[in-house]
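Here you get one chain, nothing else, as structure tokens; it is the form predicted on its own.
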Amino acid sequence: MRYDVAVVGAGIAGPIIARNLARAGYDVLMIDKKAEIGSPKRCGEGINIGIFEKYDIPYDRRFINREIYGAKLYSPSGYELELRYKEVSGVIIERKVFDKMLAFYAARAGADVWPRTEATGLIRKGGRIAGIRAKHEGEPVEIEADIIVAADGVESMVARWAGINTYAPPHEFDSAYEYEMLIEGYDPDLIHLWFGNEVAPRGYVWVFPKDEDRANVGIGINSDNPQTAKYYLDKWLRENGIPARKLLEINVGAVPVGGFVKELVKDNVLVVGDAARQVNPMHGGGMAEAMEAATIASRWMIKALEEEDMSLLKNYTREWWEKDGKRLEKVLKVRRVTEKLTDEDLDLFIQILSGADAEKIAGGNYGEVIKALLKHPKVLLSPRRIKLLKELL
């Protein structure tokens, strides 16, 4: 069988590309090794409200658990910083339903979608990649395609088979562990984040409400930590008197938080999403990043197919690095600076910002926030803190 485009992976980036290319009139096949698209999830399930309009995704109540109005941050010693908006700023989705609906939108646009289909290798003809080999419900199948998309997640095999270097050292990954559970006592209109080197080394604990008394409660820490993410999450629950007895789901995964793939295209193979390490290094969120990369890739795939010139695909690498890659490298720099902060630093900064300057954070003006911190006497008396903050400007 033959298609214009074969997409491997039906997470976030894969369905966006499949939908966009099918809308443009091309024959598209999207495969996924899971029998049920979207399950199991590896996600805290929080996303900014702006993605729906920006990436033409219906605001469908079938996959929206709760609308969120901001965030509350907690320092190691318990100081709090609340950022509350008047309008909805984000939503907690049901990722298993969301992914399936993205695949549905791709199918409705004209793409073929095959779950329980695992890529097993690439087809090469005349020295070029001509398609993928797969097992569809246990039966071998060969799928020829002009363009192949590696959207098969953080452990991507398709990219490696194509010769795309996706290696990143262990320090550029976080380990995440999450319970979906019954929990009470936290404002369900906000997401809640706890920071501290003893709480979550290099990361944070989160409570993302899905109901008044149900939430995703998870943690991300550096993957090269001698202790596990589960150890730190269970420790946090015990220390806060939260019984972990009413668990609805347990999710575990590795999150790439650095080591962005330099060359996103090899001949007629593109790598997108987690497979390309296109994840925000600061908070570990990858859904919006995958959507942006998929949108850029789609544009150049359509152009390459229109002009029958696969060399145009390399413009995806160039445009992504110009638009998103440089921004994410700056975020990575911020993350590396924040790794040097002590618990005393975190306590002080949240104390300082819990006043009027909270509005600047809510507005996203981080440069002004850093300048405000630099004016505080306890910062000015510490050359180390001044140096760290100036690295962020």
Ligand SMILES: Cc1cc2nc3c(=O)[nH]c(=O)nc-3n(C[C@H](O)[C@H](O)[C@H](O)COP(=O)(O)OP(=O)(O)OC[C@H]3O[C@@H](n4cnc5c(N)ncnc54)[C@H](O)[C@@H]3O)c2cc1C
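One rule holds for the numbers: they count along the sequence shown, beginning at 1. Predicted model, so just to flag it, every value in this text is computed and none were measured.
The same protein also exists as the form predicted together with this ligand; that form is not shown, yet it is the one meant from here on.
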(message) So in the model of the complex, is this ligand close enough to Phe208 to count as touching (4.5 Å, heavy atoms)?
(response) yes
(message) Even though the partner isn't displayed, in the model of the complex is Pro201 close enough to this ligand, meaning a heavy atom within 4.5 Å?
(response) no
(message) Can you tell me if Met287 lies within 4.5 angstroms of this ligand in the model of the complex, counting non-hydrogen atoms only?
(response) yes
(request) Classify Ala119 as contacting or not contacting this ligand in the model of the complex by the rule of any non-hydrogen atom within 4.5 angstroms, answering yes or no. (result) yes
(request) Go through Ala103, Val255, Ala71, Ile129 and name the one with a heavy atom inside 4.5 Å of this ligand in the model of the complex. (result) Val255
(request) Check each of Ile147, Val279, Ala215, Ala297 and return the one that places a heavy atom within 4.5 angstroms of this ligand in the model of the complex. (result) Val279
(message) Within 4.5 angstroms, counting heavy atoms, which one of the listed stretches 147-155, 239-247, 298-306, 82-90 is next to this ligand in the model of the complex?
(response) 147-155
(request) Could you tell me if all three of Gly11, Lys34 and Asp274 have a heavy atom no more than 4.5 Å from this ligand in the model of the complex? (result) yes
(request) Determine the residues of 29-47 with a heavy atom within 4.5 Å of this ligand in the model of the complex and present them in sequence order; the list may be empty. (result) Ile31, Asp32, Lys33, Lys34, Arg42, Cys43, Gly44, Glu45, Gly46
